[in-house]
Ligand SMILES: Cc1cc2nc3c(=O)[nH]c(=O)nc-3n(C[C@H](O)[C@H](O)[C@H](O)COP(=O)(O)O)c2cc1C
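Only one chain comes next, encoded as structure tokens, the form predicted alone.
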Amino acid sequence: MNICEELAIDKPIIQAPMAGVQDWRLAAAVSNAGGLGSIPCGMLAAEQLVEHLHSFNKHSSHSYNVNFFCHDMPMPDESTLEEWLAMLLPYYEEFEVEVPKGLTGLRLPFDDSFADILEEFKPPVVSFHFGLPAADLLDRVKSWGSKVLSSATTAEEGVWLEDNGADIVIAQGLEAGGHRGMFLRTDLNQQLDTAELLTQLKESISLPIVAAGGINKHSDIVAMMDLGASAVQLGTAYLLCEEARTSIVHRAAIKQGTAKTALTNVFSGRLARGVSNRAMKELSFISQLAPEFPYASIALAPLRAAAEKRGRNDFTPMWAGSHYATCREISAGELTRQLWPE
């Protein structure tokens, strides 16, 4: 069975789940065009998740993917959080905002409460970032007939995913935007570009592989499939689509297309690729002071809101892949059809 049959799609295209810049609308548009639309769920409360799933199913009868993070939740380190807030104090004063209090708006890992909601819907595909959930949770997901995908950033991670129950592995190359799916090691020197990672994974595992990172047009897809990919995953290419909820300042930076992308941990505590801005540059891109994921984001949230009110992207995580300048303002359905013509 080929991957399109396995995922019940017509085109070997998966729309990458992009928390913060999309909802069910983008996913439905991609699925209705023959690809696999993805709904990012890691930042949704229970009632929001139910609403997204009902809305998708109301507007599409096609296959879809729901995506969750499955990171460990370390105990918050109060001293680190206080030091981080103290370093950001000049920015709070500049933008006249109060220092945040409490631990709110955090990304939560997949757990039984999420599984309880999904059980009613039995989604065709469930994908994970940062490895896989505990074995009992994974067994629950697979008992519904859901196909399980997860991201690997090294061949070692791909082997681990195969050994621990994934059905399909996403090869997340270094060019990809958003959070790196690293979960076995944190050494950046082991991170590879998409083509090299795909080649290593083909030699290491027998599962179907989805190439992700630096893919923006039909010829990119063909090149990856020639290297052995069964399908591709694209996120950045959809950022300017009318169904995306990309913020005004994020859209403006993408359309301008002049700033370079870089890896940073200052927005969340984990490495992610985005368009360079003030926060990334002034906080040293990869800061040793940033609290562990997901706690770093608490301190940046009020600064982001205040700056965006002034039309500035100073503290906005503008996730994007290294080839973001090729993005186009068209519908997600039309883009999907252009990426893989009939």
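For clarity, every value in this text was computed on a predicted model and none was experimentally measured. Start at 1 and count along the sequence shown; that's the residue number.
Heads up, the form predicted together with the ligand isn't pictured, but that's what we're talking about next.
- Item | Contact segment among 97 to 105, 79 to 87, 158 to 166, 210 to 218, judged by heavy atoms lying within 4.5 Å of the ligand in the predicted bound form | Residues of 210 to 218 come within 4.5 Å of the partner.
Examine residue 239 and determine whether its closest non-hydrogen atom to the ligand in the predicted bound form is within 4.5 angstroms. Yes, residue 239 lies within 4.5 Å of the ligand in the predicted bound form.
Partner proximity in the predicted bound form: residue 295 to the ligand, non-hydrogen atom cutoff 4.5 Å: Outside the cut-off, so no.
With heavy atoms only and a cut-off of 4.5 Å, decide whether residue 40 touches the ligand in the predicted bound form.
Residue-level check for residue 40: yes, a contact with the ligand.
| task | Answer for residue 264 alone: is it within 4.5 Å of the ligand in the predicted bound form, judged on heavy atom distances? | result | Answer no; every heavy atom of residue 264 is more than 4.5 Å from the ligand in the predicted bound form.
- Query: If you look in the predicted bound form, which residues in 138 to 174 sit within 4.5 Å of the ligand (heavy atoms)?
  - Reply: Counting only heavy atoms within 4.5 Å of the ligand in the predicted bound form, the single contacting residue of 138 to 174 is 172.
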